[in-house]
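Take a look at this single chain, the form predicted on its own, given in structure tokens.
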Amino acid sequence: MESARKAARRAEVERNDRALLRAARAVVAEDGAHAAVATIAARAGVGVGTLYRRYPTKEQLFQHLCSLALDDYLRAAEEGLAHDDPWRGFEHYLTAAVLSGTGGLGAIAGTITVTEEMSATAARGDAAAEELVRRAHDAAVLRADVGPVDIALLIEQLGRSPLVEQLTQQGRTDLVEAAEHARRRVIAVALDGLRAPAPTPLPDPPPGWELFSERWRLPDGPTAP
């Protein structure tokens, strides 16, 4: 009986944690660094005390969100590299990264301390993404003037769907599926625009990784991923 109670309690804790993380990602997408703990807890359907028992500070919650997002990004890139076809691998990476919302946490850049674990995962993800782009360039399937930073920026831009978010907030479940389908069409349009050959060149100069790393730097603090 005691073991059953403990198992039920663990299951409840895991459900609450999943709900908190979903709510936190959604609220951060809407409110950025100003996302309130009370709003996150209310969206998750739990009390603020439950949130603080799991995450003693808002920074720790945000750090965990970032760690999960970086894991998703790395997974998308590594799965892409597992494809024999360079374009299919690249397509999988971009689509999976966009749909997992890996770029949706940019709003909290520069407001939290970046852990060593976060930096290491980010470096692995960036290296895998660069290899995907290199493979696609070598196979002449990706336009030559697009680099890995362009792709990372595109993933961040497509990582949110204001239409899906709005309909979800309105409780319009009758339209959410259609909005998700429309979002996939937008991703397909973006992918088509990345194919080689390019009809017109992109504006110079190409962006560098400092656009990502520098904005995560805390005042007088270390540079983030």
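For the two forms, the rigid core is made up of the largest set of C-alpha atoms that agree within 1.5 Å on superposition. Quick note: we count residues from 1 along the sequence shown, nothing fancier. Everything numeric in this text was worked out from a predicted model, so none of it was measured.
Only in words, not in the display: the form predicted together with a further copy of the same chain, which the text now covers.
The candidate spot formed by 115, 118 and 140 lies out of contact with a further copy of the same chain in the predicted complex, as no residue has a heavy atom within 4.5 Å of it. Among the residues 58, 160, 64, 54, the one placing a heavy atom within 4.5 Å of a further copy of the same chain in the predicted complex is 160.
Checking 81, 74, 154, 96 for any heavy atom within 4.5 Å of a further copy of the same chain in the predicted complex turns up a single hit: 154.
a further copy of the same chain is not shown here, and in the predicted complex it never comes within 4.5 Å of any heavy atom of residue 48. The closest non-hydrogen atom of residue 202 lies within 4.5 Å of a further copy of the same chain in the predicted complex. Though the partner is left out of this view, residue 150 does reach within 4.5 Å of a further copy of the same chain in the predicted complex, counting heavy atoms only. Under a 4.5 angstroms non-hydrogen atom cutoff, a further copy of the same chain in the predicted complex lacks residue 26 among its neighbouring residues.
Looking at 191-210, the residues that come within 4.5 Å of a further copy of the same chain in the predicted complex, counting any heavy atom, are 192, 193, 194, 195, 199, 200, 202, 203, 204, 205, 206, 207, 210. After superposing the rigid core, the Cα of residue 59 is displaced by less than 2 Å between the shown form and the other one. Taking the rigid core as fixed, one finds a CA shift for residue 179 of 2 Å or more between the shown form and the other one.
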